[in-house]
Every structure is written in structure tokens, then in C-alpha cells.
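Only one chain comes next, encoded as C-alpha cells, the form predicted alone.
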């Protein structure tokens, strides 16, 4: 009797801790939703309310009428998708080469990747801006994509390097014994096992580019090419007064694309894990 009770108590404690953690993670989003549905008078109360007393959609209408949210979201989507794909295309072969072909140059490259994460990224803004100006890429989405790839690539390379190292060399050697060449073994043996790492890298690159504000503020000057983070910043007036209701509504809408992307890519991550387990 004591053991079943102990197991039930342990499971109940685990579920309780998981529920508390889920509430902790969901609280900012729920508070954002509550704020977006409140009237300006209710938001000005000294004692804030948890739930809106008179829910309204006026903040959503004001957000769309005051700023070009759809245009900013579309430009951010293009930049984030391009950054994610280009980052994986560059990082995957580099990670494989660094993991499989060990040399002094590879060790220096790995060390440089680690060192590059130590310095604040604000230090490279001026050099990047000068390079983009020489290439006539300032105030363009192409220039911002290149900056985001430069920003995300070191960590993405480090992520994929760990996944490549986790793939045993014996699998490639066994494929070579069966007559498979280097390309065939990479495509048929190694690639399915790297699918979870590729999906995780895509997700990290997309979210990093989608939420990035500082580089976009420096590179993009024309409002017609502003991304979504820059569009959200416009809800703060020149006097520093924040229009909290429309900003909350716009910020809530800005989370939808990244949540949809995560929901779609999460299935790919699971299927990649299963495919890797079966083919490995």
C-alpha cells in the first residue's frame, strides 16, 4: 500500500509542478490578451483588473488603422524564412566538415565560433553598416537578411555540430562496406539522423530573426520596408507616451505567426526523430 501511494503522490507532484510551470509560461500571453481587450479607462485604474470588465475590440481596430501591421508582418515573414533557410544551408555542410575532418584549422574555427558569442553584437553594428553601405544594401530587406544570418549563424553552427558529432561514424563505415559512396551515405544514413537538428536550427533561426529589433532599426530607415518589430515601436509617441491598448493588440497579433510556425515545425521535429530512430 505504501508504494502505490508514494507513486501517486509523486505523479501528483509532477503534474502540479508541470501545471505551475505552464501557468508561469502562459501568464505574459494571457495578460497581453487581457490588456488588448480592455478600454483605456480600465487600463488607467490604479488597481489593475485581471479580466476586462467590458471587453472591446477597439484596440485591434486602432492597431490596424494606425500602423501597417500586415505589411510589416509580411516583410518580417520574408526576412525570417530567408534567414532560417540560408542559415541551415550554410551551417549544415560547415558543421559536418568540422565534425568529420579534424585539423588545426577546424579547431581554430570552432574556437572562433565560441569567441564570437562572447562579444556583444552591438560592437559589429558599425562595421556591418559600413559593409552594407559599400554594397548598396542599406535600407533593403536583402541587407537585413544578410545581417540576421551573420547574427544567427555562429550559434546555429554550434547546434548542428553537436548533432553531427552524435551520429556514429560506424554507420557511414557500414554503408561504405555495402558499396555506398560518400554522397549516398550522407543522404541515406546521416541526413535522416540530422533531421531533428535541422528542424531545431530552423526554428531557432526563424524566431531570432522574427523578434530582432536592433539591427533592423539600424539597417532599415524607410518606413515602407520596416519590419514588424519596428512597426510595433511606432505605437510609442515622440513624447514617450505609449498607446498601451493598440500596442498590446498588435503585439498579440505579432505572436501568431511564430506560434503557427512552431506548431507546424514541431510535427516535422517529431517525424524527424522517428525517421532517424528507424533508419539509424
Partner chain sequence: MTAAHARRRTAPDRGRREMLLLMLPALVPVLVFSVGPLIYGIALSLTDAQGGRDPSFVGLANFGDLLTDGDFWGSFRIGMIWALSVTVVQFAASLGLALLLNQNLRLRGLARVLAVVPWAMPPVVIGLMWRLVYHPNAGLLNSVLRDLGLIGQNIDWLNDFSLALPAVIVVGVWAGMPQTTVVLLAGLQSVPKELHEAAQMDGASVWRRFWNVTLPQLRPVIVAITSLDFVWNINQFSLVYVLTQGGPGGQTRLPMLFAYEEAFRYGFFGYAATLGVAIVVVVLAVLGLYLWRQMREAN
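On a predicted model such as this, the values are computed, not experimentally measured, just so you know. What we label the rigid core is the largest C-alpha set whose atoms superpose within 1.5 Å from one form to the other. Residue numbers count along the first chain shown, from 1.
Just so you know, the form predicted together with its partner chain exists too; it's not on screen, but the next bit is about it.
Open item on the list: Just to be sure I understand the contacts: of 80, 202, 194, 98, which is the one whose heavy atoms reach within 4.5 angstroms of its partner chain in the predicted complex?
Closed with: So the residue touching its partner chain in the predicted complex, by this definition, is 98.
- [ ] Check whether residue 58 has any heavy atom within 4.5 Å of a heavy atom of its partner chain in the predicted complex, and answer yes or no.
- [x] No.
Task: Any non-hydrogen atom of residue 103 within 4.5 angstroms of its partner chain in the predicted complex - done: Contact check for residue 103: yes, within 4.5 Å of its partner chain in the predicted complex.
TODO: Decide whether residue 70 counts as a contact residue for its partner chain in the predicted complex under a heavy atom distance cut-off of 4.5 Å.
DONE: Heavy-atom contact with its partner chain at 4.5 Å: absent for residue 70.
Open item on the list: Is residue 125 part of the interface with its partner chain in the predicted complex - any heavy atom within 4.5 Å?
Closed with: Because a heavy atom of residue 125 falls inside 4.5 Å of its partner chain in the predicted complex, the answer is yes.
TODO: Pull the contact list for 23-58: residues with a heavy atom within 4.5 Å of its partner chain in the predicted complex, in sequence order.
DONE: Result: 24, 25, 26, 27, 28, 29, 31, 32, 35, 43, 46, 47, 48, 50.
TODO: Inspect the rigid-core superposition and answer whether the C-alpha of residue 223 shifts by 2 angstroms or more between this form and the one not shown.
DONE: Superposed on the core, residue 223 moves its C-alpha less than 2 Å between this form and the one not shown.
Task: Threshold 2 Å Cα movement between this form and the one not shown for residue 106, core superposed - done: Yes; residue 106 is a residue whose C-alpha shifts (by 2 Å or more) between this form and the one not shown when the cores are overlaid.
Open item on the list: Could you check, with the core superposed, whether the Cα atom of residue 45 shifts 2 Å or more between this form and the one not shown?
Closed with: Yes.
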